[in-house]
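The same protein chain appears twice below, in two forms, each given on its own as C-alpha cells and labelled structure 1 and structure 2.
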Structure 1
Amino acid sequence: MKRVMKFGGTSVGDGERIERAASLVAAAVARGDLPLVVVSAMNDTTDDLLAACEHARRGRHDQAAQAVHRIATAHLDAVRRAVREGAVRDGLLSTTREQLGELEKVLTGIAFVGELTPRSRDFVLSFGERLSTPILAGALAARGLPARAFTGKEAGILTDSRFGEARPLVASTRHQLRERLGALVESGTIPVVTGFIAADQHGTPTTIGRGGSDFTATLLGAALEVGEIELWSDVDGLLSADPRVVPDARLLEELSYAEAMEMAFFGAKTMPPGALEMASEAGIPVRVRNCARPERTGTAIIEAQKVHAGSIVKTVLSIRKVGLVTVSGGGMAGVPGTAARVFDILGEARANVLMVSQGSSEVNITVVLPSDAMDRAVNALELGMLGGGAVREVVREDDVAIVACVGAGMKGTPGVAARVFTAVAGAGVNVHMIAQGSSELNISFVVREADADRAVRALHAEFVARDAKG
C-alpha cells in the first residue's frame, strides 16, 4: 500500500530522532508498503529563521549570524549522527555547508539593504526544510534504501504568490506530483519531500502557512491516492485537551474529518484546517502517531459514519493571542451593508476573522482577530467607518482567548450549552462573547486570556472526564 509518512519538527529534532524516523520508514518498507516521506524543519528552526530575518532587517547582522551558527551546529551534528555510511555522509556534510553559506549571504544582503519583503522572508524560511529533508533521505540511503530528496518545487507543488500564506494550485499540483513521483513510488523509490515550502508559477519559493507540512502530506496523499497518511509527532495522537493545560487529557482514538478540522481551526496541533479538507475530499484516512511510541496506533481521522460514538464533547481547546474589536453606533440599526463594509475593510487589512457576533438590535458587530492583526484592523476600521454617521465608535480589547468545545455528539443533544456555561461560571470565569458554528460541532466563546486555562480545565472535568467515568 502507498503511504505518506510525515515527520514533524520534533520527530526530526536531532540525529537520533532522524535515525528513528528512518527506522520507521524502513519498517514500513519491510511490511511491503510504498512510502512517500514528508519532512518538517528540525525543531524550532522555522522560528529561528524568522528571528534571524528580523535581526537582519534591523541591521543586526551579528545576531543573524549567531542564529545561523546555531542552525549550522544542529544540522551538521545531525548529519554526523544520523548518516552512518561514509560517502553519503561526506557528500551531505558538504552540501549542507554550502546551503548554510548561502543562507548567511542572503541574511547579509537583507541586513545591508535593511529591507525584508514577504518574498525574501519565504526564501529564508525555505532553508529549514531544505536543510532537514536531505538528512532523512541520507539516513535512508545509508541503510541501503532507495531514497531521493525533493524540494516541494521539484516534486511539483505549485502555489499562488501570496508569500507566507501561499495557496496550492490544486489541479496543477496534482498533475505534476503524479507525473514526477507516481512511477518512481511504484518502482520502490522513496521520495523524501520538503514540507511547508513550494514555488509559485515563476519558480519563486513560497511557504504555505505555519504547520504547512501537514498540508504537503495531504496534497501528496491525495494526488497519489495513497491508502493512508501518517502524521508522526511527539504526542500519542489528538487529545481531549492540550496536554500542557490538562495533564490527564485522554487520547481520542477516532475522530471524523469535520471534528478534526474544528480542532485544527481551534489550534490543537498547529495544523492548517485545509490540510484535512484535502484528505477528506479524497476519503483517505489520516493517522496522528507518536514517533517515540510506534507500537501505539494513535488517532484515526476518518469518515463520520465510521466513527464510533464517544463523549458529547470530545475535546476542549483554546486559541490565544487574539483580540476583540467592536464596531458600534445607534445609526447602524437597519442600515444595509454595514456588516459587509466591516468585512471588506478587514479583508483589505488582511485580518483573518476568527469569530463574529452581531447584536440582534444591530447596533454592534464584534469580531475576534489574531493579535498581530489588531493594530492594522483597528486603524483601517477607524479610517473607513468613523465619521460617516452610522458608526460611533470602534473599541478594542486585547489579551483575550477563545475557548471551544468540539464534538459531533453536541448536535441534537439538548442542554449542552447550559452545561458549558454553568461549568464556566462555576470556575468563576466571565464570558465576553459567544458563537456557535452552524455545523453544531463546536460551541466557542471568548474569555480573558488569564482565565482561559481555568475555563478549559472546568469544561474538561465537566464533559470528558465525567463522561469517561459514567
Structure 2
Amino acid sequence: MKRVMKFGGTSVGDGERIERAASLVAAAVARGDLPLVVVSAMNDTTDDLLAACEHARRGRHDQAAQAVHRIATAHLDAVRRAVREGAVRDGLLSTTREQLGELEKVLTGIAFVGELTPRSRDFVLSFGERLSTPILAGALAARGLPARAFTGKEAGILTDSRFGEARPLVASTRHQLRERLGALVESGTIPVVTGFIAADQHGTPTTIGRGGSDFTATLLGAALEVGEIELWSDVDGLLSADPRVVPDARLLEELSYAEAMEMAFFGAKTMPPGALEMASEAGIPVRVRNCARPERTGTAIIEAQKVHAGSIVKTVLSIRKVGLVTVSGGGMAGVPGTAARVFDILGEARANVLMVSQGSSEVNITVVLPSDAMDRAVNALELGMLGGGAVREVVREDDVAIVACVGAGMKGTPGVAARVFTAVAGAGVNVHMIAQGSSELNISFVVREADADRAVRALHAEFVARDAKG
C-alpha cells in the first residue's frame, strides 16, 4: 500500500530522532508498503530563521550570525548522528555547508538593503526544510534504501504568489506530482519531500503557511492515491483535552474529518481544516501517531461520524489570547447593511473573526478576535462606525478565552446545552457569549481567560470522564 509518512519538527528535532524516523520508514518498506515521506524543519529552526531575518533587516549582523550558527550547529550535528559514516555522510556534510553558505549570503543581502519583503522572508524560511529533508533522505540511503530528496518545487507543488500564506494550485499540483513522482514510487524509490515550502508559477519559493507540511502531505496523498496519511509527532494521538489542563485526558482512538476540523480550529495538533477537507474529498484516512511509541495505533481520522455510548462530547478545548468587541446602538435596529459594514471594516483591518453573536433586537453585534488584532480592529470600527447615528459605542473586553465542546454525539441529543452550562455554572464560571454551529458538532462560549481552565476541567469531568463510566 502507498502511504504518506509526514514527520513534524519534533520528530526530526535532532540526529537521533531523524534516525528513528528513518527506522519507521524502513519498517514500512519491510511490510511491503510504498512510502512517500514529508519532512518539516527541525525543532526551533523556523523561529531561528525568522529571528535571523529580523536581525538582518535591522542591521544586527552579530545577532543574525548567532542565529545562523545555531542552525548550522544543529544540522551538522544531526548529519553526524543520523548518518554515522561513509560517502553518504560526507556528501551530506558538504551539501549542508553549501546551503548554510547560501543562507548567509541571503541574510547579508537583506542587511545591506535594510528591507525584508514577504518574498525574501519566504526564501529564507525555505532553508528550514531544505536543510532537514536531505538529512532524512541520507539516513534512509545509509540503510540501503533508495531515497531521493525533493524540494516542494522539484516535486511539482505549485502555489499562487501570496508569499507567507500561499495557496496551492491543486489541479496543476496533482498533475505534476503524478508526473514527477508516480513512476518513481511504483519503482520502489522513496521520495522525501520538503513540507511547508513550494514555488509559484515563476519558480519563486513560497511558504504555504500554518500547517503547510500537512498540506504537502495531503497533496501528495491525493495525487498518488495513497491508502493512508500518517502524521508522526511526539504525542500518542489526539486527546480529549489539553493534558496540561486535564492530566487524565484520554486518547481519542477515532474521529470523523468534521470533528477533527472543529478540533483544528481550537488549536489541537491535527491537520488544518483545509488539509482535512482535501483528505476527506479524496477519501484518505489520516492517522496521528507517536514516533517514540510506534507500537501504538494513535488516532484515526475517517469519514464516518461514529457515535459510541458515552461519547456525546469527545473533547473539550480552548483558545486563549482573544478579545471581545461589541458594536451597539439603538439606531442599528432594522437598518440594512449594518452587519455587513462591521465585517467589511474588520476585513480591511485584517482582523480574523473567530465568533459572532447578534441579539434578535439587532441593537448590538459582538465578535471575538485574536488579541493581536484588537487595537487595529477597535480603531477601525470607531473611525468607520461612530458619528453616523446608528452606532452609539464600540466596547472592547480583553483577557477572555473561547471554550468549546466537540463531538458528533451532540447532534440531535436533547439536554446537551443544559449539561454544558450547568457544569460551567457549578464551577463558578460566568459565560459572556455563546455560539453553536448548524452542524451541532460543537458548542462554544466565551469566559474570562482566568476561568478557562476551570471551565475545561468541569466540562471534561461532566462529559468525558462521567460518560465513560456510564
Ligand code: ADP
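Only a predicted model underlies this, so the values are computations on that prediction, with no experimental measurement involved. Reference numbering: structure 1, starting with residue 1. Note that the rigid core is defined as the largest set of C-alphas that superpose within 1.5 Å between two forms.
Displayed copy of the chain that is the form predicted in complex with adenosine-5'-diphosphate: Structure 1, which is the form predicted in complex with adenosine-5'-diphosphate, differs in this respect from structure 2.
So that I can tell if Asp14 moves, could you say whether its C-alpha shifts by at least 2 Å between structures 1 and 2 after the core superposition? No.
Is the shift of Gln176 between structures 1 and 2 large enough to count as movement, that is, does its C-alpha move by 2 Å or more after the core is superposed? Comparing the forms between structures 1 and 2, which are aligned on their rigid core, Gln176 does not shift its C-alpha by 2 Å or more.
Aligning on the rigid core, do we see the C-alpha of Asp160 shift 2 angstroms or more between structures 1 and 2? False for Asp160: its C-alpha shift is below 2 Å.
If I align on the rigid core, how far apart are the two C-alpha positions of Asn430 between structures 1 and 2? Answer in Å. Its alpha carbon moves by 3.3 Å.
Once the core is aligned, what is the C-alpha displacement of Arg392 between structures 1 and 2? Give it in Å to one decimal. C-alpha shift for Arg392: 4.2 Å.
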